[in-house]
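One chain comes next, on its own, written out as structure tokens in the form predicted on its own.
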């Protein structure tokens, strides 16, 4: 890792630890009427390829229409595990706590996922499977699809909630037109 990349990573982790110390709002990371709902592939009006790098997306802004169903083809082109998660800023803030637990328990290990740890029971019938329809968590080189129907206009973004990534700028805007 180059000295410049190391410095960026160190600052991102520092900011991230400060943000985690501040606590989170209530809510979850699942889908919500605020952002939309899982879509059907047969109803997708178009496909958008989203490439995830270390720590940014291409494209950074996505334009959608209220009620539109979009197929996102998400590819991890980086060297680290990354997430593509559609939601409101409050949803992302709440989900970051869960993602931090995934790192602390060894489910996310830098550039790879420990799938056995993702099966671990977190209590209340929850695991670290990361199987919500508005989100994918990918190892480097992997690709998956998210099919999403956007509800009415709102404050929606897509983000990587792996600790430090959002704070380093790995999020993008969903604009309604």
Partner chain sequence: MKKTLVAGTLGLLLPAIGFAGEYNLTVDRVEIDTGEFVKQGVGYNRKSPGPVLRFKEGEEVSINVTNNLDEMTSIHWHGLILPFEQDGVPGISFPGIKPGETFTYKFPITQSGTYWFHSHSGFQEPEGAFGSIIIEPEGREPFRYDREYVVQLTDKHPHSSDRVMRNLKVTPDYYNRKQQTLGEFFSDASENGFLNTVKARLAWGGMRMMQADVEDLQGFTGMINGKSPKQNWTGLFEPGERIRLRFINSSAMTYFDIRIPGLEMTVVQADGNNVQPVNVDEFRIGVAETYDVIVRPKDEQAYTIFAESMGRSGYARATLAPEEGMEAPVPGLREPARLTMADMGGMPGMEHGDMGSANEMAEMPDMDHSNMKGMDHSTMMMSEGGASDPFYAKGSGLVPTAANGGKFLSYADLKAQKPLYEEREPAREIELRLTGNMERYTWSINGVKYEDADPIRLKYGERVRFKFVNETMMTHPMHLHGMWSILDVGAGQWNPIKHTVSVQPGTTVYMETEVDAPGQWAFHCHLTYHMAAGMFRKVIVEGGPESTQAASSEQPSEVGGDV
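Predicted model, so just to flag it, every value in this text is computed and none were measured. Numbering follows the first chain given and starts at 1.
The following text describes the form predicted in complex with its partner chain, which does not appear among the structures shown.
Undergrad: For the three residues 36, 43 and 132, verify that every one has a non-hydrogen atom within 4.5 Å of its partner chain in the predicted complex; reply yes or no.
TA: Result no, not one residue of the spot touches its partner chain.
Undergrad: May I ask you to choose, among 139, 51, 145, 60, the residue with a heavy atom within 4.5 Å of its partner chain in the predicted complex?
TA: After the contact test, the surviving option is 60.
Undergrad: Look up in the predicted complex whether residue 169 has a non-hydrogen atom within 4.5 angstroms of its partner chain, and give yes or no.
TA: Flag for residue 169 set to yes.
Undergrad: Taking its partner chain as it sits in the predicted complex, is residue 80 in contact with it (heavy atom to heavy atom, 4.5 Å or less)?
TA: Although its partner chain is absent here, residue 80 would touch it in the predicted complex, with heavy atoms inside 4.5 Å.
Undergrad: State yes or no: in the predicted complex, is some non-hydrogen atom of residue 55 no more than 4.5 angstroms from a non-hydrogen atom of its partner chain?
TA: Close contact exists here: in the predicted complex, residue 55 approaches its partner chain to within 4.5 Å, heavy atoms only.
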